[in-house]
Each structure stands twice: as C-alpha cells, then as structure tokens.
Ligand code: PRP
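Before any questions on how it binds or moves, here is one chain, the form predicted on its own, in structure tokens.
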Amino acid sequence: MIGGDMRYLTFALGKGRLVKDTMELLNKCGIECEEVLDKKTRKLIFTNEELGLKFFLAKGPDVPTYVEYGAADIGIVGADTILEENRRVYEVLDLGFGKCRMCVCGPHDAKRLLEHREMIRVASKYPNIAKDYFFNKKHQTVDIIKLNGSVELGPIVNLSDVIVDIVETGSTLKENGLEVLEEICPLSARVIVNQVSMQMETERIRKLINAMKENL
C-alpha cells in the first residue's frame, strides 16, 4: 500500500497501437492496470493504489510535453514523437516494439531530385525531423510543408515532390505508386523520464526501468 511519504508515480502512455504492448510488458513486471485497455471507459486517469502508480492515455505528441513539465514522471511513446517534439526529457530505454522507420518517400523519378540536391517541396507530419534531415544531414535546401493527415496525398496531388513519413510495411506507399527513396532512421517505442523525477525518485524509477528491461 502507498505509504504516507510515498507519492504516486505517473505514466503517460501514447494512445494507439503501443498501449497493448506496453500494458503486456507492465503486467510481466507485476504491474496490473486492466482498466487502461477498457475501450468503453470514460475515465481519464487509472490508478494502481497498491504500487502507488497512476496512468493516463494521451495523444502521442503530447506525451513528451506532459513528461517535460512533470505532469507525468514517465512516458512511453514512439521515437518519432520524441525526435519531432524535442522536449527536455531523459530517454532511458528502447522497448524494441512498434518498430518502423522514418523515410523519405515519393514516386520513383523523385530519386534524381534527391541525388542532385535540387530545391524540392517536402510534405510531412514531422517538419522538425524533415528539416533536420535535409538541412543538417544532407545540406539540401527544401521547402517543408506540414500536413496532419494522409501525407501520401502530397506527391499525388502535386503539393510536394516527396514526403517524410513513418514506413511499416510499405504497402500503403505501393498502393499509391510511391516508394522509399531514403531511410532517415529506425524507430520504436521508448521510455522517457522527467528530469526532476529522475533525481527525486531515482530508486523507484530505476527499479521500474530495470524490471522493464528484464521482461523485454
């Protein structure tokens, strides 16, 4: 039971496909919180009183924000979000699930635009990752257009020459006549920790992280 001086540790979990894998891993670590997976619940915060833990689900891009500002001690979210949001948090563990890659994709003939480092338009949900890749790694000047939805549309409707997006199987690309032209980086689910929590609750957080490591 949670003692008088023991405070809750709060987890922010990125909504979507990582939640199931995350909860399975936590179950293996002896951390139960079935309600998190209940699709019908209207609850926003779930508590495991016994272990002094709280959980809430958030939109992926918000998870690093909750963790940076200490509203959550620990966050679990895709590496794409951590790179894009670039918040002041500690990344402490690669969970290895939710594997995919961040890539530059487009029609086959856009390859030469990349090779010749031409001025092109790049559509992406990840403008910061795209900017970093083209400006800092490739030293190619590009025009970056932020989209929120189906980025594949970009090249099809001539909004952009290429896109920067997550690729899992590549089947959506193929269906739309696009392909992977360059790979930016591999991605997977990561654990991030608030910088102050890491100092204040070192012992408990280390224990949690080690338990997760052992059960991966």
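Predicted model, so just to flag it, every value in this text is computed and none were measured. Residue indices: 1-based, along the sequence shown.
There is another form of the same protein, the form predicted together with this ligand; it is not shown, and what comes next is about it.
**Q** Considering non-hydrogen atoms and a 4.5 Å limit, which listed residue (62, 182, 68, 152) is close to this ligand in the predicted bound form?
**A** Checked against the cut-off, the match is 152.
**Q** Just to confirm, with a 4.5 Å cut-off on non-hydrogen atoms, which of 168, 32, 50, 35 contacts this ligand in the predicted bound form?
**A** In short, 168.
**Q** Hey, in the predicted bound form, is residue 41 touching this ligand, heavy atoms inside 4.5 Å?
**A** Residue 41: no, not in contact with this ligand in the predicted bound form.
**Q** Mark residue 125 yes when one of its heavy atoms lies within 4.5 Å of a heavy atom of this ligand in the predicted bound form, and no otherwise.
**A** Contact with this ligand, yes.
**Q** So, in the predicted bound form, is residue 27 in contact with this ligand at a 4.5 angstroms heavy atom limit?
**A** Flag for residue 27 set to no.
**Q** Does at least one non-hydrogen atom of residue 207 fall within 4.5 angstroms of this ligand in the predicted bound form?
**A** No.
**Q** Can you pick the stretch from 184-192, 143-151, 41-49, 54-62 whose heavy atoms fall within 4.5 Å of this ligand in the predicted bound form?
**A** After filtering at 4.5 Å, what remains is 143-151.
**Q** For the stretch 9-37, I need every residue with any heavy atom inside 4.5 Å of this ligand in the predicted bound form, listed N to C.
**A** The stretch 9-37, when checked against this ligand in the predicted bound form, contributes only 17 at the 4.5 Å heavy-atom cut-off.
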